[in-house]
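Just the one chain here, the form predicted on its own, laid out as structure tokens.
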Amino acid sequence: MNKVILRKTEEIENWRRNINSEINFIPTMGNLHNGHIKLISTAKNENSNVNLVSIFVNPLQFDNKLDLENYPKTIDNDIKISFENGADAIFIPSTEDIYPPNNEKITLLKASKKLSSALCGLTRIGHFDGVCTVVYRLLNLIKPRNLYLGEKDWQQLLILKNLVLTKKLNVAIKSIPTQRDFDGIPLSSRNINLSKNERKLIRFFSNELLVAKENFQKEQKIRLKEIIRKLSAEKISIEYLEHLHPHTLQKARVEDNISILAGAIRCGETRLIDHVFLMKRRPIIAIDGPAGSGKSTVTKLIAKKLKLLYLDTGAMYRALSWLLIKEDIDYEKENKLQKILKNISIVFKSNDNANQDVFINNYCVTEEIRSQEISSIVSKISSIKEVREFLVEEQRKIGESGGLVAEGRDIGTTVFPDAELKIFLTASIDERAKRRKSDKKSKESQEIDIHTLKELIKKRDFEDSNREISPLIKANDAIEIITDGYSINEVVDQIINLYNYKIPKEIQIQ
């Protein structure tokens, strides 16, 4: 594809009509640095879409006219950097192109009041309105499939995610972690204005945030007053320093697993922002749903793609059911059952095929636990109070440090009620019976006629949903996904997109 520079909105429309591809869009205000390079190269490497970079200094974002006039402009170098790092096209419009005089079609937007009334919004009145207005205008002109943004300005990223959601725009927001310079300060187009001493101050500020993050890992506490005292002792002008919930930007609560420590300081005439994410444990994805909804297959693939531990809680119940049947144990006798549970060990091990085998008391039962005999009894056994208490406790132990995706019937409601992402995966009985029938690994299912399979599935659903202890229900904050008509990969991609929407990239790579 020939690399092109576009300057008029009409050129964008013609160019878009003549390309046979989806578009990745990377909006910038020019004076490109390594952070922008990372955005462009990430877009290039993630898919085969066409990559469009825009260079436009948006006047609506500036509350200070002098600041707008002094914003560094390096257009020739920006063009060179963009093309060298993966841009296929560059859009360099004038202010008149983006905001035609007397054009009533241009919508001046208001940013989410809840999200824009904290942090930078307290002093930069109207700034985020300007950001929303220009991005909305550009998205409507370009119509990209993906929008690539940095997490350095986390508040702005949240506001733009809200814009895409409320305006129901068909665009996926992809983010990259804050990119830092050699001395640890966040890369910013404004860093060029820093004197040697001012750079020293911002380095001290950024380092204090990183130290606070390290201390949080040990103590799970943030000492704001102490950090402010240290910064003030260095004569650093603090605009704000807040410990907040990362999505609502309200004051962080003790029960929050993930929070953000965000601040802004002034160095001379330059205003700089930085933040760190604080995490008590790594994120957890909880996937619940009825039997045959595709949970196991989907969960395994998500674990592999996101490099998370796969916790197959259903296999734990099946393994225990298998042992009780094999040993001919009367599980209805409470005392005997409790004695047995004390001596049970269930572990997962990776096999040569990069899959997981399940072992109970050192015996591999991966294949045996998928029989129809186990399927017909596991719901009854899993409803026994002592069994559930034992296995829920085992599952919670595994999940103490997070970093896993778990599937079952009560993961989001009972086992991990504080999971960052909860999914309720389901499908129609017809669809689940069809899948069970076509499962070549299950010889028994292939031998049963489709009508009988449907009745067995209905029976299992009823038992799971009506048991007294931890019945199968959708958690209040779970996202329901009906998988009829979708391929496994489409469902996996949908859940991964939800995970990326909720979990900062910076946390995912820790």
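Residue indices: 1-based, along the sequence shown. Everything numeric in this text was worked out from a predicted model, so none of it was measured.
What comes next is about the form predicted in complex with ligand PAF, which is not displayed.
With the partner removed from view, the residue among 156, 313, 293, 175 that has a non-hydrogen atom within 4.5 Å of ligand PAF in the predicted complex turns out to be 156.
Checking 265, 298, 142, 134 for any heavy atom within 4.5 Å of ligand PAF in the predicted complex turns up a single hit: 134. Proximity to ligand PAF in the predicted complex, taken as heavy atoms within 4.5 Å, picks out 22-30 from the listed stretches 453-461, 466-474, 41-49, 22-30.
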